[in-house]
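There is one chain below, alone, in structure tokens, taken in the form predicted on its own.
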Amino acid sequence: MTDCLVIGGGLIGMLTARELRLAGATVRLVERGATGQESSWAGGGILSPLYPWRYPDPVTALARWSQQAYPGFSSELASQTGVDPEWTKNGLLVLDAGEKAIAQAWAGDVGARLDLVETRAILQHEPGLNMPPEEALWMPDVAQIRNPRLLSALKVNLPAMGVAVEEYAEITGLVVRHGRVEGVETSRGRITAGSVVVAAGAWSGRLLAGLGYSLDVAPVRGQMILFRARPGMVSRIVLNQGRYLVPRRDGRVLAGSTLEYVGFDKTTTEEALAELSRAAIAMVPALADYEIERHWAGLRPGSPCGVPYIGEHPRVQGLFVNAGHFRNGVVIGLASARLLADILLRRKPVLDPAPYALVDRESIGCGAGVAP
């Protein structure tokens, strides 16, 4: 029997499986499709919430822990697998000057580096910007990771560590007896396990239905486009009015993203393509000269306030959840996986687990909506 069974082969599931295996547990990961797809692959890989000061403290705590851990983690993964996740500290340039007061107050509270820069300095950071504002916010420590490469590295790393990975196995039900989980039923048969972790992103709520607790996680579609630009065309992560540009090392530039409540529909739309292209070219006009190489959509696991659920099911022993990371799965993934492993293994947790517990978020003043 496997010690720990992880349901979900996205970034959160893969990182959770890795943490549990590092602790010496036997681990099996089951994914209904191919590992490393869905929301994990579709995002931009920015290692910061877009407007970090808009999020509640529990998100900030996860992000700050992960940001400190990412450089070493990325280097270690590249060394072990030969696949470089391309951790790169570009810095984040926020052109929304109206965010100044709340951003500066937040930075002072959490100890983040944030500078107010004027037009000349803005153009030094990003010379190709069109009509930069008089003031902008500059966060020099913000990095990115190339999330498809990160996932490729993990796909190599997990089996090498001894994690059993099973793809294209649909979970048809959880096996629960006398208030304790005993495993899962899959399209290929039953798998028994001492503990089960649900890390299935936007699909997590469906898996837990009927167990006496409703997980408030729902799909939120995000569409993105990719410009095949030249290296140096854009050098910083740029954010303006909810739209952003992310430059990759090879010159490609990601532009994102939409925020759409359309259920489990991953269809791309011409309207989003036009709007994302317009917003990107408005920021950096030279992008108009380059081909839009790809246009895709992913489903984020939306949750109240954007605070993920990390902890044990309140009614089923041995059943754990690591889901609901909304727009920040990449940046808070390392801390989330570590915290889940700490809780499951009864270790001293790296962060206070209480804010992430499976409770009614209304009762802790989180409200019914999701963070911006």
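Keep in mind the model is a prediction, meaning the values are calculated, not measured. Quick note: we count residues from 1 along the sequence shown, nothing fancier.
Just so you know, the form predicted in complex with a small molecule exists too; it's not on screen, but the next bit is about it.
Stretch-level contact analysis of 326 to 334, 54 to 62, 341 to 349, 303 to 311 against the small molecule in the model of the complex, using heavy atoms and a 4.5 Å limit, identifies 326 to 334. Taking non-hydrogen atoms only, residue 17 never approaches the small molecule to within 4.5 angstroms in the model of the complex. When the small molecule is considered in the model of the complex, residue 319 lies well away from it, no heavy atom lying within 4.5 Å. Residue 245 falls outside the set of residues with a heavy atom inside 4.5 Å of the small molecule in the model of the complex. In the model of the complex, none of the heavy atoms of residue 315 sits within 4.5 Å of a heavy atom of the small molecule. Of the residues 87, 203, 138, 106, just one reaches the small molecule in the model of the complex with a heavy atom at 4.5 Å or closer; this is 203.
Note on the partner interface in the model of the complex: the residue among 142, 283, 239, 199 having a heavy atom within 4.5 angstroms of the small molecule is 199.
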